[in-house]
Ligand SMILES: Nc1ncnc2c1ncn2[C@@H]1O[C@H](COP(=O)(O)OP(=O)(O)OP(=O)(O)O)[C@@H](O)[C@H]1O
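Take a look at this single chain in structure tokens; it is the form predicted on its own.
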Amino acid sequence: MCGKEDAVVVKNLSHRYDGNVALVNVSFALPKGSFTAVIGPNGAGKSTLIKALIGLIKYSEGYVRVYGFDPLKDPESVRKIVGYMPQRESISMHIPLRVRDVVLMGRAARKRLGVLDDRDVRIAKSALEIVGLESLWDERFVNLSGGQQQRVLLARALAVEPKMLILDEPFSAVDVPSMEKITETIEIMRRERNMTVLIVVHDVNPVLHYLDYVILLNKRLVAFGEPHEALNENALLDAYGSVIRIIVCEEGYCHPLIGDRHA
């Protein structure tokens, strides 16, 4: 059921939390090396989808494969090939972590007994250099700006040398320069390493020109396809329950003016 050229295959995925529906009968496939955005209103099931892909939840029904691995039966194999950038709120600000500690977390999670060596440090420093923050190695994470913190979390995801990068709201509370740096870094790494990228965003416009596919969710799969196919007025109305204005630029890109900025 999982083709050799598919990075992700999802068939009839459904999940409920305490009887409340989160996802219903969601199906799609993503080719290796593709760049896909997941969008939809608050409570649409976007984070639930991510958790299902990396084995953080035992979904109720369906079939999921990530590079051929079953996240339910073999979550460790999935996590070894996926660099996951969670929402910044998942990092405790009460623990006096330094930037190096945050970036090295991903390496430690994949090491037996969490024992790190010089190679792990070199790779972590290289990842921090990729996001342009190598000078902050010894800084306290809590003292960084929101944009810098997001870039550090991106470095942590890249430090595991992943085949696939999954990012949950990487643009939350970041300034425009940081947003542009994050977007640029993701695209460069995708092309250089042929990484598959799946990004959850409320505003798709910052990454629109880089996307191969858009997944439009509202508990069910409202639309899936290339941006010009998925981002149409009928699909957006179906997903958001209100008319979403679309601006078509000269290059033919469809820019939806979505005002939902909640986490």
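In this text, all values refer to a predicted model and were calculated from it rather than measured experimentally. A residue's number is simply how far along the shown sequence it sits, counting from 1.
Absent from the display: the form predicted together with the named molecule. The rest refers to it.
Peer 1: Choose from 65 to 73, 24 to 32, 43 to 51, 205 to 213 the stretch whose residues reach within 4.5 Å of the named molecule in the predicted complex, heavy atoms counted.
Peer 2: It is 43 to 51 that comes within 4.5 Å of the partner.
Peer 1: Does any heavy atom of residue 87 come within 4.5 Å of a heavy atom of the named molecule in the predicted complex?
Peer 2: Flag for residue 87 set to yes.
Peer 1: Is residue 12 near the named molecule? Define near as a heavy atom within 4.5 Å, in the predicted complex.
Peer 2: Residue 12: no, not in contact with the named molecule in the predicted complex.
Peer 1: Using heavy atoms and a 4.5 Å limit, would one call residue 20 a contact residue for the named molecule in the predicted complex?
Peer 2: Yes, residue 20 lies within 4.5 Å of the named molecule in the predicted complex.
Peer 1: Does at least one non-hydrogen atom of residue 101 fall within 4.5 angstroms of the named molecule in the predicted complex?
Peer 2: No, residue 101 is distant from the partner.
Peer 1: Counting any non-hydrogen atom inside 4.5 Å, which residue from 187, 161, 169, 120 sits next to the named molecule in the predicted complex?
Peer 2: Only one listed residue qualifies here, and that residue is 169.
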